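Here's a solo chain for you in structure tokens, the form predicted alone.
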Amino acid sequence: MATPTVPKSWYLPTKPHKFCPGCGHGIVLKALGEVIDEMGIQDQTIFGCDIGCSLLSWNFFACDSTQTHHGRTTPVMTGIKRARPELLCIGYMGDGGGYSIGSQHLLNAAVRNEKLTLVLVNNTNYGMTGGQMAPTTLPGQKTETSPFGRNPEQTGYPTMGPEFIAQLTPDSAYVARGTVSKYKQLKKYLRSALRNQMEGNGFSFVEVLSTCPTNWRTNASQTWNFLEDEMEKYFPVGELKTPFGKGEK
């Protein structure tokens, strides 16, 4: 029987993880773990996570970690970075924690060009609490609180986070949107986001399009089709701002 390969920076006593079958969080965290391994930065990394599905990552890594109140990951990591600027601070959150209750912290950290790396997972709903409409729910998408589909005339359009962050930050920032359907590309974006912090350039932000078959109520084929045919069309994947040369689509 083959033994699955996992990142050395993962904390093995907490595996297998507790995310739902088909959830994209595990893919994002594996990519992040592999990048931490490849860059050799485990001993200097501080990992902070939000409430919501992302809280299940609090003991994912064999490094110093902290779990924050909902929407407060960004200011907590900001405080740690300012107190210990030699550390690499990674904030991990969902679309609700970043774009809803935590939006004021996210936007102001971007304006201040805080030297952090933030990873935001976008699965178009509030996953842990039952699949309610989130800031990223697509127009017409059905959720527990939009049973007839999201109506933009009533609730507005989905938050385009990376596009907004790119307008608020200086040229030294790094802003990208990846997807769990393009694993090698996602790792490149995460590596660039961490490199940008290591070099002291400024704010680094990566949104990751992810899957939630439990709340989407989709089978394997439907889940992947929604990610690639619906989400990736509405939320363009690519680098929106990078100090490392021309952005990659």
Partner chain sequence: MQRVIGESKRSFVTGNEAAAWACMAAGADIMFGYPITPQNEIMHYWTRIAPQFEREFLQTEDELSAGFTVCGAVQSGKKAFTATAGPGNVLMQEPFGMAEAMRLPIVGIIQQRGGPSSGTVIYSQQEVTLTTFGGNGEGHRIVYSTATHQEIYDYIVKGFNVAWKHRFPVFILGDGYQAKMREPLEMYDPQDKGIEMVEPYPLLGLGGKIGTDREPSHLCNIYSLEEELYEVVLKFAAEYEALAPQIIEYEERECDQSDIIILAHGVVSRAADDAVKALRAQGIKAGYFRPITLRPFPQQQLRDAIARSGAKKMLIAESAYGQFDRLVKQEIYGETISIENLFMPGVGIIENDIINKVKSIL
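Residue numbers count along the first chain shown, from 1. Quantities reported herein were computed from a predicted structural model and do not represent experimental measurements.
The same protein also exists as the form predicted together with its partner chain; that form is not shown, yet it is the one meant from here on.
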Discussion item. Counting any non-hydrogen atom inside 4.5 Å, which residue from 51, 180, 36, 29 sits next to its partner chain in the model of the complex?
Written reply: 51
Worksheet, complete the sentence: Answer key, its partner chain contact in the model of the complex at 4.5 Å (heavy atoms) among 133, 138, 168, 76: the residue is 76
Discussion item. Check for me whether its partner chain, as it appears in the model of the complex, comes within 4.5 angstroms of all of 62, 68 and 112 - heavy atoms only.
Written reply: yes
Fill in: Partner-proximal stretch of 152 to 160, 77 to 85, 171 to 179, 90 to 98 relative to its partner chain in the model of the complex, 4.5 angstroms, heavy atom
77 to 85
Discussion item. Test of understanding: in the model of the complex, would residue 43 fall inside 4.5 Å of its partner chain by heavy atoms?
Written reply: yes
Worksheet item: Does residue 58 reach its partner chain in the model of the complex if we count a contact as any heavy atom within 4.5 Å?
Response: yes
Discussion item. Taking its partner chain as it sits in the model of the complex, is residue 234 near enough to touch it, meaning that at least one heavy atom pair lies within 4.5 angstroms?
Written reply: no
Worksheet item: With the partner left out of view, is residue 142 within 4.5 angstroms of its partner chain in the model of the complex by any non-hydrogen atom?
Response: no
Fill in: in the model of the complex: members of 85 to 111 within 4.5 Å of its partner chain, any heavy atom
87, 104, 105, 108
